[in-house]
Ligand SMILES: NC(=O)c1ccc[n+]([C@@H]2O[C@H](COP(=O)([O-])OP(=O)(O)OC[C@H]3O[C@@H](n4cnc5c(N)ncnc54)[C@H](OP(=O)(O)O)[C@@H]3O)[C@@H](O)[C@H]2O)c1
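Only one chain comes next, encoded as structure tokens, the form predicted on its own.
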Amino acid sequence: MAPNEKGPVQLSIEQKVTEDMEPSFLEVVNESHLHAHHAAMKGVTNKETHFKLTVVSEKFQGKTLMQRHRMIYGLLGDELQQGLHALTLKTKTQTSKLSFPFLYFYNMVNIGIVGVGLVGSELLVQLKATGAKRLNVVGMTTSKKMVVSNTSYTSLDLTQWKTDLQEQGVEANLGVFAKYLSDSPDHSIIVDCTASDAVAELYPSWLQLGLSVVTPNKKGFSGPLSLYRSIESLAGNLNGTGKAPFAYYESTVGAGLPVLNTLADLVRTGDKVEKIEGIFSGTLSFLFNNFSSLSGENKGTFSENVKVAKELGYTEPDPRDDLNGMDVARKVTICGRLAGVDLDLTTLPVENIVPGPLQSVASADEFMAKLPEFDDHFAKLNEEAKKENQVLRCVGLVDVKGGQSGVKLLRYPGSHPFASLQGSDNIIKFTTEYFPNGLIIQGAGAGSAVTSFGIFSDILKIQGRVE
């Protein structure tokens, strides 16, 4: 029998429990392999001896735990006589889910996705591929068209959502979209996969409607401090109440890397964060890992490396949007605020490494054409660093104690973790009272797959918290 193949005993258990108990949730897991080494199982070839059952049924209402277990054992008398050795039972009613472990119970959650471009469409792929339990995608919208489900909030067909959006979609209206989600009898989440300031400004109104928000959009958490404070005051995971609605934004920094979750844990556990420093940009990571290295290998001039990065899709259409440091600045601001420092983009020092004369040229093509004229400037910076056995890295810094937060082009010795970074990876180092030598998180910090992973993880966090 293949590892994931259901045997006749499991099929019989599922059929009998379903027919008799009419469960709202049933999970049957074959755990026989976990007990095969036990002395009692010596010589037993049966692969269906131990099962874990999770059953949620209103037929358990008013019954003691012993009575509930007897109901299940009574159904499976034949199986127990024919080789079924033991059952591990979780028996609950729908109304007792507050004490029900998350691993065994999935609250029904409806999802509406704003923006189904690269990241939004990848999220739909992941939701469909995993067959996510009790997560219903009931609405999606672009800037022009939207489609929502029916009044029963049946999940949309994720195999043909593009066709449905195109052929059945109506004029997009985020007010109507949010109202539809808020009218659901189950908790609803709006996932904002745009990079829009205007959409981010709607977060407080969505939270006031009782909708949770999940997003990779940095604008709401790095924009005006007043907007951030409004979101913070309304989201249960940020205001200390622990009650829905929630706002999760892990993928705004490091895509799927657990940067914000780790930072939040450090703060909540009373650790004192002294400094957060890191290479927060996949683009700038790739660029300087190649251009400034102690390996001795010549990988070309600065402009040639920018050209390669652009051709590989690592940069924005206009590379100046990466080189000006503002993307890193937003991530620094987000981390700083979560650490208790009221950083503001309008006052945060940001080193723009785009040469002054090229900052105002009319187009990206003109910028790329003229950038080689400044290769000597970057070569000089690189050579000066190499003489000291150092490399150049564009780093974001939250300096909680010293007040020197910002975005800077800095030198690091070859022995430093930032110097040995590869490819387009991100790396973030927390220096705290508990971790004086640093706690480091490293990995892929960009791309639709890892960003969607971060979003999906946040959705699951909310699903596990709502009542």
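Since the model is a prediction, treat every value here as computed from it, not as a measurement. The first residue of the sequence shown is number 1, and the count goes up from there.
Another form exists, predicted in complex with the ligand; not displayed. Remarks below refer to it.
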- prompt: Quick one: is residue 446 in contact with the ligand in the model of the complex, heavy atoms, 4.5 Å cut-off?
  reply: yes
- prompt: Would residue 387 count as touching the ligand in the model of the complex under a 4.5 Å heavy atom rule?
  reply: no
task: Answer yes if any heavy atom of residue 132 is within 4.5 Å of a heavy atom of the ligand in the model of the complex; otherwise answer no.
output: no
message: in the model of the complex, is there a heavy atom of the ligand that lies within 4.5 Å of any heavy atom of residue 319, even though the partner is absent here?
response: no
query: Pick from 114, 391, 284, 263: which has a non-hydrogen atom within 4.5 Å of the ligand in the model of the complex?
result: 114
- request: Check each of 306, 119, 279, 247 and return the one that places a heavy atom within 4.5 angstroms of the ligand in the model of the complex.
  value: 119
- request: Quick one: find which of 136-144, 340-348, 292-300, 373-381 has residues within 4.5 Å of the ligand in the model of the complex by heavy atom distance.
  value: 136-144
query: Quick one: in the model of the complex, does every one of 57, 69 and 91 get a heavy atom within 4.5 Å of the ligand?
result: no
message: For a quick check, can you give me the residues of 189-208 that have a heavy atom within 4.5 Å of the ligand in the model of the complex?
response: 193, 194, 195, 196, 199
